[in-house]
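As a starting point, one isolated chain is supplied in structure tokens, in the form predicted on its own.
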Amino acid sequence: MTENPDLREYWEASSMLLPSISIDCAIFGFHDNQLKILLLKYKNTDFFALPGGFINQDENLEDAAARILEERTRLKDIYLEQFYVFGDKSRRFDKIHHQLMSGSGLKLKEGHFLLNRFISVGYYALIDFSKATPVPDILSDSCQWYDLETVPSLIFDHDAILNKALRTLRSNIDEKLIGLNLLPETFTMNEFQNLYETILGEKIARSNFQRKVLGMHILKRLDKKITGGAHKAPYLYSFDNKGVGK
């Protein structure tokens, strides 16, 4: 097996990392009325996973999560929230780690830090789909968006992590003002409702939805969207910073 010296040096730098703890990120984007999730595909394998990484000894936890997200999306200052800590005593994946590293030309030695039980801190992120530039990590062939309906089976316990992130996203949809992070700067009421329905996985009566969101006093109504006849064109909205956070 031919080893890549850059990879070898990268994975042997365990002394620089906090032992037995990692970060896994569910990065959500919204596009074409679909809620999407960002996934990595590892080199020379059929392995798909959520983006993640490790925490440097001299790094704050939140800073590490922000760094990992920036490395995968090239975006800074994006919405990021810790939602769960995954720490089952059986949480170690020796066989998968051997196969994954083999795909990149590396052989894990006995006692390697990856062959330990890991506790993972889960974060979910909400980003403007159109502004992100997905970038694979050093072990991956690709970093791409997937519709939730077409997500492949994920390695490790990442299926459970994604499901937990999605449940948290749904339960926080009002409190965390999900649309503020997933919609463009201006949008129609129909686009806002489509976002809610996509996240919740259910239809909402139009009148009920408008009454609800307008009663939250978080939107500013702008000029009508130019789509032809002015009497039929929908109004555009943006988030009102004075109302957000009240």
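Just count from 1 along the sequence shown to find any residue number. Keep in mind that what you see is a predicted model, and the values were worked out from it rather than measured.
This protein has a second form, the form predicted in complex with a further copy of the same chain, left out of what is shown; the following refers to that one.
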query: Contact flag, Gly87 vs a further copy of the same chain in the predicted complex, heavy atom cut 4.5 Å; finding: yes
query: a further copy of the same chain contact at Thr186 in the predicted complex, heavy atom, 4.5 Å; finding: no
query: Distance check, Pro234 to a further copy of the same chain in the predicted complex, heavy atom within 4.5 Å; finding: no
query: Contact test in the predicted complex: Leu214 vs a further copy of the same chain, heavy atoms, 4.5 Å; finding: no
query: Contact segment among 187-195, 202-210, 37-45, 58-66, judged by heavy atoms lying within 4.5 Å of a further copy of the same chain in the predicted complex; finding: 58-66
query: 4.5 Å heavy atom contact with a further copy of the same chain in the predicted complex for all of Leu18, Ile21 and Ile119; finding: yes
query: Contact assignment for a further copy of the same chain in the predicted complex, among Gln82, Ser102, Asn163, Ser142, heavy atom within 4.5 Å; finding: Gln82
